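Next comes just one chain, in structure tokens: the form predicted alone.
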């Protein structure tokens, strides 16, 4: 199949790039997506059925040593289909930070404005703040910490609590309901369940060879397959990629309250503590604390207890208010090719990240106790239940639950691509997803990635 441009991936980067290009090139735009095209009726809110379908690796993807789980969506809409719908504007600090990489994002604000308008971003109403998130806000207020109700892209949210399994009510304005339909309405063609295996260049055009053997041909290819998948695709194609991987490192904790919290009811994340952030003018250690709720399947899979203690924690599920760290990590990792051309991911933690994670365990314990919790379950095997901020916790592989739903790099601007996303020495090849982001941004990244993709796609149109 010949096209004018092929966009690989339909997440925050690919969907926006495809819709922007289709506004000018219409039927010349072909979109490839490895995952399924889910409809609201497919999103049954049953974890055992949806986790294998909606998540990369069926939800089991992680680093090679198993120390960090890496969570990515795998369906039309990418991770926007299964994220918490939180929308932060690109932090203004990025302009100065990214100059070190030769990347200029001083013009990003107008693109972010367009993205927020299309996604219908609004502040979460006070009456939609779940009890679990209210308690996190209460603890922050009692400690005098900066915090706020967050912003989301859910229109008419019914507060069912199942955002991590997609929105069965078509309320969350994820890319499968916004920019992908926009691209199709403008003439683009979507091919779901079409995983790109490798790229070749022949006769002045690119050929995208799918896993099933189909071949798609175009002079321009925009790779937005995801932070793990984009570098892997490039490496299988003989193109340099994979270094510079970075994440928002995430760790969890739960405050145990005397009265039921029922955190599974309502919006999972609606309040954020910015006291320890290093964005939007804050000068903290570099992490957000966000109220969070895990559905029973995930909670049971990752609670760091065993035997009777594990059974007791499950019985206390209704009384727990969760909080998660979102750390703008400084550790850098690498993606290489493993057996069979699969992704092999290595991300050792540096001393800075280990120290700040240990600091988070202390600060979040104080937060829970200030909110009225009688004890705190820290996501570290050596801690368990605590009634005072823990000290001397070693943050090492396998000793605590660490994960990330926000991945960056592997085809970084300023390293593997130029300052605007073009791959040097590969005419017509661009990278416009999170893998091109030069470093962790410090906040939930979907608006930033989408704005960068729009910026890059407009540059493609401008020649």
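Numbering follows the first chain given and starts at 1. What you are looking at is a predicted structure, and each value in this text was computed from that prediction instead of being measured.
Not on display, but discussed next: the form predicted in complex with a small molecule.
For the candidate set 86, 373, 377, 273, a heavy atom within 4.5 Å of the small molecule in the predicted bound form is found for exactly one residue, namely 86. Note on the partner interface in the predicted bound form: the residue among 129, 237, 331, 194 having a heavy atom within 4.5 angstroms of the small molecule is 194. Only one segment in the set 72-80, 387-395, 103-111, 340-348 has any non-hydrogen atom within 4.5 angstroms of the small molecule in the predicted bound form, and it is 72-80.
The closest non-hydrogen atom of residue 90 lies beyond 4.5 Å of the small molecule in the predicted bound form. Although the partner is absent here, residue 38 sits far enough away that none of its heavy atoms falls within 4.5 Å of the small molecule in the predicted bound form. Taking non-hydrogen atoms only, residue 445 approaches the small molecule to within 4.5 angstroms in the predicted bound form. Though the partner is left out of this view, residue 416 does not reach within 4.5 Å of the small molecule in the predicted bound form, counting heavy atoms only.
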